[in-house]
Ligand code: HEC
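First, one chain by itself: the form predicted alone, in structure tokens.
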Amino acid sequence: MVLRSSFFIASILLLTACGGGSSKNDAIPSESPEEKGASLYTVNCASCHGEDGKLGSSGAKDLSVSKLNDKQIEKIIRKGKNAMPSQEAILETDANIKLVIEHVKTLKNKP
């Protein structure tokens, strides 16, 4: 009985250790870069900027009329601006930041 209980506990610990380490920004394996960029934007940006970039909640800029280039967008994502805090730690990687930049550019001048 003790041996069986010990085996059960060891199995649970092993499964827990192997399953850890994922984050909210991990990609779903079948997600394309465009889909991942859109997902990251939805989770981290849409509450203020809106799904279409036009919401403007809490003073957020209308991204559909933005004239900013990639470097300027990246600087704002990394450093924040006005009421927008830095998103660098939240997005976790340079690759994720670039995916969000690419998605933001798709919102420009959408009707």
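Each residue number is its position in the shown sequence, starting from 1. Since the structure is predicted, the reported quantities are computational estimates derived from the model, not experimental observations.
Just so it is clear, the following notes concern the form predicted together with the ligand, a form of the same protein that is not shown.
Not displayed here, the ligand is approached by Asn44 to within 4.5 Å at the level of heavy atoms in the predicted complex.
The closest non-hydrogen atom of Lys54 lies beyond 4.5 Å of the ligand in the predicted complex.
Contact annotation: Lys81 falls within 4.5 Å of the ligand in the predicted complex, judged by heavy atom distances. The ligand in the predicted complex comes within 4.5 Å of a heavy atom belonging to Lys61. Although the ligand is not shown here, in the predicted complex the stretch 77-106 places heavy atoms of Ile77, Lys81, Asn82, Ala83, Met84, Pro85, Gln87, Leu91, Val100, Val104 within 4.5 Å of it, in sequence order.
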